[in-house]
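Have a look below at one chain only, the form predicted alone, in structure tokens format.
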């Protein structure tokens, strides 16, 4: 019996690390993601920060930069050209979504069948949301939720009948609106700043290293461990009963 208690104690001790480690370096199960992260030395421009450890291929990184991206036949220019600074934010956000291996704590199943995953409420640093919104203020769009309800009759997204092109602030009055609504709550506008270590950056200088790894470790070590208690708790009670 003593050896079983020692084993159980060891499991309780390492459980948080097991739960966290599973989420620190993982690719979501999605159409254009690799099965496992790894080096990609030919990533294109805004996707370069993830070249040492990426969930995207060089082809995916190239397609993320096109006006009409083959990734989802999606065009950013549904209401005319975006300003270069605005378009850059969307390319960076796409690279972040497609390439980052540090989104584990926010990955969820798209449907109960398990056929695909997405991220929900990824906490973007306030500066990321604020600058994205500021740089897109003079660009135009026709929708506040770019995740659904487009007209796909010609093979790519077009504004639905009755949806009028307006400057971004019409559909996104605040930086929070832009970050959270545009991709159906994939991102969450965090009140935290980049220096806090409690939010993710959608882009970073490659030479300065990936700041998101430490943030992901922080989030990974909090919630998931509770799920494993449902396995260990009954076993603990069983041993207690036998003793």
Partner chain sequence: MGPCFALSLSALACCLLPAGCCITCDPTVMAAIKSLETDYLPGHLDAKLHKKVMDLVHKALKEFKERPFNEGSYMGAIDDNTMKQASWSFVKELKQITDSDVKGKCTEGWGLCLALSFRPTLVGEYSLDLAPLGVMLQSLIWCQHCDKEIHTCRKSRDCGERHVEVHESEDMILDCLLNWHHISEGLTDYKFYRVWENHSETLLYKGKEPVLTKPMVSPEDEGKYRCQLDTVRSDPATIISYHVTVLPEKVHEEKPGTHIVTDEDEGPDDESSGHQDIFITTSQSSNTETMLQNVLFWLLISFSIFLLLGLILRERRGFLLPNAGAACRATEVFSERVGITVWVGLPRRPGFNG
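Residue numbers count along the first chain shown, from 1. Every value quoted in this text rests on a predicted model; they were computed, and no experiment measured them.
Same protein, other form: the form predicted in complex with the partner chain, not shown, and the subject of what follows.
In terms of contact with the partner chain in the model of the complex, the residue from 134, 71, 107, 165 that brings a heavy atom within 4.5 Å is 165. Site annotation in the model of the complex: the residue of 173, 80, 116, 160 reaching within 4.5 Å of the partner chain with a heavy atom is 80. Partner contact region in the model of the complex: 84 to 92, out of 123 to 131, 84 to 92, 99 to 107, 145 to 153, criterion any non-hydrogen atom within 4.5 Å of the partner chain. The three residues 111, 201 and 204 each lack any heavy atom within 4.5 Å of the partner chain in the model of the complex. Proximity of residue 66 to the partner chain in the model of the complex falls within the 4.5 Å heavy atom cutoff. Using a 4.5 Å cutoff between non-hydrogen atoms, residue 42 counts as a contact of the partner chain in the model of the complex. Contact annotation: residue 183 falls outside 4.5 Å of the partner chain in the model of the complex, judged by heavy atom distances.
Shown alone here, residue 58 lies within 4.5 Å of the partner chain in the model of the complex, counting heavy atoms only. Shown without its partner, the chain has 138, 140 in segment 122 to 147 as residues with a non-hydrogen atom within 4.5 angstroms of the partner chain in the model of the complex.
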